[in-house]
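One chain comes next, on its own, written as structure tokens: the form predicted alone.
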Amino acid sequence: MQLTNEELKEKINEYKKKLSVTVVAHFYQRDEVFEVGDITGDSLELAIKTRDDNSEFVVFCGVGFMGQSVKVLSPNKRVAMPKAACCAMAVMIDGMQFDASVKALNEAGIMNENILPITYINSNADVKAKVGEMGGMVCTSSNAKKIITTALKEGKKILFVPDRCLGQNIANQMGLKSCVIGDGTNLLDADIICYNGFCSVHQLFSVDDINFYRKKYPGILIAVHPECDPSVCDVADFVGSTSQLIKYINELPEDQKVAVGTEFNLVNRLRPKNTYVLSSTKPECPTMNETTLRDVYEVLKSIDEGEPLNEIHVDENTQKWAKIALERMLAL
């Protein structure tokens, strides 16, 4: 039976009343999915908030690594995803590729005892576990500078995975030298050594886009996410995480024009006037947009029937070390 969105919302709300379940939705989800979320936010914010939630089930509307983070921090919860979507950046590295990166540092003369790995939250649990076992920790886009500042006190080289842009942008902010493994730089010369991963959405924004908007709207402000290329961040007026972008834009005067370099669904829900998407194409995350209201309804229905769809499972050893890596960050 083909149900309308309004009918699907009604059935979703009925299941939410009937079941011990909390629906959480990431900022990048399409509007109709975002609207049925009991808890909304960015990836780590959702994992922390759901840790304090009393429901047996978490239905996570987002991508795989986010659901894993909930499971890692709250192993007793059951986590199901309406869609088994993956983050393009997260799948750019796995445990074997992490080991190969460590080997590259070893071959350059940097031994394991002199390496402190940091992984961006946008990574799968196996990578977080590898980082945890080596004494490293997780970071988010909002706390990366603080995490790296603390890590550097140990006097070690930072191996930053998987997002080269975030690693390089933080290095630039701190006046540090960075490089990307394989770019020809002597790894011994860099403070922060980055893996060559990136966000396909944030790579869409360019300096040409910034120049276009500044020429068309004199006085416009440019606000971008630190997953954007360093060339973009270097000339923007504001660089910040998802939550920081929302706060910055909401506090602007209503008549102040601003062009925003991040995912379309988020930008589209910001101020209705004088807010533009910093791109000539629609910067929409394809995997975040896989989840539909029908998917949310189907996963709730499956929970009610006792056979949850797309349930997240993390093996005990991975869960242990990934949790350690996350908790080291939370302790700071």
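Note that the structure is predicted; figures quoted are calculated from it, not measured. Start at 1 with the first residue shown and count on from there.
In what follows, reference is made to the form predicted together with a small molecule, a form of this protein that is not presented.
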| item | value |
| --- | --- |
| Heavy atom within 4.5 Å of the small molecule in the predicted bound form - the one residue of His202, Lys83, Arg164, Lys71 that qualifies | His202 |
| Non-hydrogen atom contact Ser43 with the small molecule in the predicted bound form at 4.5 angstroms | yes |
| Contact test in the predicted bound form: Lys128 vs the small molecule, heavy atoms, 4.5 Å | no |
| Heavy atom of Tyr297 within 4.5 Å of the small molecule in the predicted bound form | no |
| Contact flag, Asn122 vs the small molecule in the predicted bound form, heavy atom cut 4.5 Å | yes |
| Partner-proximal stretch of 270-278, 22-30, 298-306, 50-58 relative to the small molecule in the predicted bound form, 4.5 angstroms, heavy atom | 22-30 |
